[in-house]
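Here we start with a single chain on its own, the form predicted on its own, put down as structure tokens.
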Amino acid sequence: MADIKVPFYGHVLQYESIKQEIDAKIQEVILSGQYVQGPMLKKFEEELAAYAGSKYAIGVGNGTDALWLVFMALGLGPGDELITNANTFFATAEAMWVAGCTAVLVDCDENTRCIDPAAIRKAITKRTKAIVPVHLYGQCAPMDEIRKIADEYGLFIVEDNAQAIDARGDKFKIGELSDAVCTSFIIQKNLGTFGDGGAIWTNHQYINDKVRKLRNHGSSKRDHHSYGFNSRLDDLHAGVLSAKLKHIGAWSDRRIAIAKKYDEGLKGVDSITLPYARPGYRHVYHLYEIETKNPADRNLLVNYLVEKGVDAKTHYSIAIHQQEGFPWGKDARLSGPLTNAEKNAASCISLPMFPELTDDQVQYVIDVLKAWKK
């Protein structure tokens, strides 16, 4: 087995694949002389709304801001409980605390690792105001089930879609069954810019109008301000994203094809569990996440992969409620046992996954994993 280097990210390769398109967009922005809330941002927002099938899209500074700006636009704050899963990136709960809300952490489904609807139902109290499902690793949470719960209890739904742009369920698109969708465009995402960025899409005009004011110092008219912040997607980033958006479907297809190769090649490896794709759903594999059946093996296997030239990582190896000092004086509540979330955190390993991976690199990862012995 010849040694091959397999990086975790392919940012430069992706840029080189559509260099002329990206460079043209950047040049267009520079020559326009308008770099903040200029014509390129407006154009990209229109393109994103059309792509998502929503009435409105709003570019903001990052995915974390997207979440708390929506919470504020919905009037959520101190005393209000927002339910999400414990095995997600820290920012999901962090955004709740920025808005002054209580983060209620529940368990995930043992197969998909997305939020468990049964755990949501058990966590609801009189203070519950919203459900924040995370489409983890590139797979949609079961939005049809979550919508039924929200309707029953009169709750908002805000989708954390930082990891699953271009994904969908068997009978729904992202955004169809919620009040708003929040996404991140940091470079690591399936649709990423060369830095930070984020967006919101929604079919509610009042959310659109409120977020647009909040992101711009409380202003919708020059020199007229109210309470607000500074969280705007720069036009240069909007240009990069505009160039990339038209390719997202093909890039997702390639991710799915790579995942299939991993699935087939790693089938029968007793030491690991492969990711589960819910039948009928379009899982776009932001991450190809395996788990060691024995949590004690996780770090050993990561170290082995790295030594062999496979840049494996972990996402997210410490659940939110297991972070040191949790909850740091912030308002938080744990609902029920978080067994699946804790197992996921202790066992997870992310294999290289990006559209520009070659078949030879994928096969090398498979061969290295199959050769591992403790």
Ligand SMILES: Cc1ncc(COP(=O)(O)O)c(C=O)c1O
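Residue numbers run from 1 along the displayed sequence. Note that the structure is predicted; figures quoted are calculated from it, not measured.
Omitted from view is the form predicted together with this ligand, to which the following refers.
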| property | result |
| --- | --- |
| Partner-proximal stretch of 75-83, 263-271, 160-168, 291-299 relative to this ligand in the predicted complex, 4.5 angstroms, heavy atom | 160-168 |
| Triplet Asn62, Thr88 and Thr92 all within 4.5 Å of this ligand in the predicted complex via a heavy atom | yes |
| Among the candidates Ile186, Ala118, Ile256, Ala250, the residue which, in the predicted complex, approaches this ligand to within 4.5 Å (heavy atoms) | Ile186 |
| Interface residue in the predicted complex among Ala99, Ala150, Val134, Leu191, criterion: non-hydrogen atom within 4.5 angstroms of this ligand | Val134 |
| Interface membership of Val70, this ligand in the predicted complex, 4.5 Å heavy atom rule | no |
| Tyr56, heavy atom within 4.5 angstroms of this ligand in the predicted complex | no |
| Residue contact check: Tyr51 to this ligand in the predicted complex, 4.5 Å heavy atom | no |
| Heavy atom contacts to this ligand in the predicted complex at 4.5 Å, residues of 305-319 in sequence order | Tyr316 |
